[in-house]
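Only one chain is included here, represented as structure tokens and corresponding to the form predicted on its own.
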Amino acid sequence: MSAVAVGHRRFRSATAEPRAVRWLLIGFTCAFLVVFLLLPLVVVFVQAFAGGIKAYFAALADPDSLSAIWLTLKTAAIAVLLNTLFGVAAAWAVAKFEFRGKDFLVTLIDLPFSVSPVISGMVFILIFGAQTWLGGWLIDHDIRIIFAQTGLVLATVFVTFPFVARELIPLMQAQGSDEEYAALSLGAGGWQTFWHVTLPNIRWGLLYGILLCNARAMGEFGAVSVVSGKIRGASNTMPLHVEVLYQDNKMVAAFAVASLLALLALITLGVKTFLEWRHGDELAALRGR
């Protein structure tokens, strides 16, 4: 038997597990997913329709619920737009240029991953609260940040801005700058190079990052709960409105709004899965350049 065959056989024996072990691991994984993911999701929809379809849609049509839904969609849209612009700019700077402090910039981008969302909300209170100098000046000039949509947007932007940037940075680093240099050498301007070379190369990674950012923005609770004031019909987003309804013992209404959040999450997951299935090989090839 050749040395290659012996090595291959040893590799297989070292990595292959007995059938009982494999089935045990697969069974444990499936059971864990059912108990902690699938079962809670099913319970949400069952409880949402516990009072019937009319009660379900009546809960969603409530003025406070409609206000929370609309506020959530607006806040998420603004936060995603701002984070998309920031993420592309940050990834372009990190991947295409060498400058002092680049590692520190990457560390700052990752900061929201290590800071509690509640703490980030408290920071905005300490900066823009009524008891601060800046907050007093804003109140004197009739500019509302805390307990208003502006504060919700700021808190949401903070907790979600790593998603687009962290998706694009490794992708753009793997691609390098050869195509951009080629375009510039042929007479293309900076914006032409970006629109016709850089953006097409990162479009699927960008869309993937936007989806993750949007999902996180719509479901954010900790940071926005601090800066919102939980004012019904004014500064309550959907996660906050679910808590308010639950505390008021309006279970059907609470689960109805929660089911809408879950539905939006499932749609996001479906689009994410489609992108991975349809363009996963393309993304892997770009990253592996």
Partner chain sequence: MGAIALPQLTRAPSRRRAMPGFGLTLGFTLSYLSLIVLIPLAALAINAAGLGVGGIWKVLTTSQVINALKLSFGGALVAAAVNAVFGSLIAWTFVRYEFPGKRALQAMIDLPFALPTAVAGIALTALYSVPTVPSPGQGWLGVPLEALGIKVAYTRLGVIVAMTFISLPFVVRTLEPVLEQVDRQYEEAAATLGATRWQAVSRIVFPALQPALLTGTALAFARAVGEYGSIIFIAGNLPNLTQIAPLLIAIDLDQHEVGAATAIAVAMLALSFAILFGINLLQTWTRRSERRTA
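Remember, it's a predicted structure, so these values are computed and weren't measured experimentally. Residue numbers count along the first chain shown, from 1.
Separately, the form predicted together with the partner chain exists; it is not shown, and the next lines address it.
Highlighted residues I26, L39 and V42: every one comes within 4.5 Å of the partner chain in the model of the complex, counting any heavy atom. Using a 4.5 angstroms limit between non-hydrogen atoms, S225 touches the partner chain in the model of the complex. Remark: K96 counts among the residues lining the partner chain in the model of the complex, judged by a heavy atom distance of 4.5 Å or less. Not displayed here, the partner chain is approached by A258 to within 4.5 Å at the level of heavy atoms in the model of the complex. None of the heavy atoms of D64 is located within 4.5 Å of the partner chain in the model of the complex. Interface residue among I143, L126, A77, L207 relative to the partner chain in the model of the complex, by the heavy atom within 4.5 Å criterion: L126.
The partner is absent here; in the model of the complex, the one residue of V157, L71, L171, L138 having a heavy atom within 4.5 Å of the partner chain is V157. Along 97 to 120, residues F97, E98, F99, L105, T107, L108, I109, L111, P112, S114, V115, S116, P117, V118, I119 each place a heavy atom within 4.5 Å of the partner chain in the model of the complex.
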